[in-house]
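Form predicted on its own, single chain, as structure tokens, below.
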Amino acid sequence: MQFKISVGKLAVAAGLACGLFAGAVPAQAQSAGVLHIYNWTDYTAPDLIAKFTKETGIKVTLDTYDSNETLLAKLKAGGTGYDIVVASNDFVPIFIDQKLIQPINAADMPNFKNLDPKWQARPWDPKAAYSVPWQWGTTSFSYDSSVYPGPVDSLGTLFNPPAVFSGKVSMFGSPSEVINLALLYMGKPICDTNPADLNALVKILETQKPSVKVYNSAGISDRLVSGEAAIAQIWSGDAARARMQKATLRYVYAKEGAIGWMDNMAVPVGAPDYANALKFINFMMDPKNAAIETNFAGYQNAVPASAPYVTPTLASSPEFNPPKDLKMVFTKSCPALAIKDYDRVWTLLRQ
């Protein structure tokens, strides 16, 4: 369920960071303010926000979106007023290249040491200069076993659905996520620009389309639980939350594999409250706080010491524990030609 600032600004940022992390101070003594966060739908734990406000005196406002493309468009438009955004790994390099997010130098933060070493240096941000992990998981699909008993072990059930799923297929509203999963089903690489492969991709998506009820990345779990949808492209955490409400739902680790992803916190250029944004990012690398978000959203975090605080039901769930032999393909930023091809495919599909 794809920046640089001037030396003067870097000096200011460094000064802010030193002052910010010089030591703990009582909540009453900390400067209050309002932190503006822009995150995915149903992806921010209310208890987490309440805890942050209680400890710091900083109020939080939250706006949501349902695709990386929406986030990109919002940041490119400028003047968003957001202090923190949460972007998927394949879009982080795009935001860096287009100077839409600014350095945060996460390695200098006190809680950075809590991150799993494998997530401290990520391919899309090797020096943790611009981002910090939020949550990570897999993308596949869930289906209602009371509607279709199965067995189901292939992405073909989603992209070439049996008749019983007609009009009850739910797909993401994000072009890159739909296309990446379809390419995985085809056995083709992400960012594929081969014309023959793209024609085959269009045919697969057009064949599936009559069975699709909606292309929308919001409300996925609700549609599955209510029965409005009986099969849905979904993120692993959403799948776990949905199954806990409806026991007949099954999350599929397909033989073709699953898409792996990580969402990352970043600070937009022009953020009104850079200092408080850094406070929140450091706050999120605390094990107990990371666990609060994991328990709410159902996804893995990047802080190993959070494990004792994760609810046993979630920690032992199949959605939370991909098979060791699963082919997990992490998304990546595509070159301009592939992005153009993705746009063309999506435009044809949505006509």
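The first residue of the shown sequence is 1; numbering continues from there. Just so you know, these numbers come straight off a predicted model, no measurement behind them.
The same protein has a further form, the form predicted together with a small molecule, not shown here; the description that follows concerns it.
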Any idea which of 42 to 50, 301 to 309, 321 to 329, 56 to 64 reaches within 4.5 Å of the small molecule in the model of the complex, heavy atoms considered? 42 to 50
Triple contact flag N68, W235 and W261 to the small molecule in the model of the complex, non-hydrogen atom at 4.5 angstroms: yes
Just one of N111, T157, S211, S88 has a heavy atom within 4.5 angstroms of the small molecule in the model of the complex, so which one? S88
D83 within 4.5 Å of the small molecule in the model of the complex, heavy atoms: no
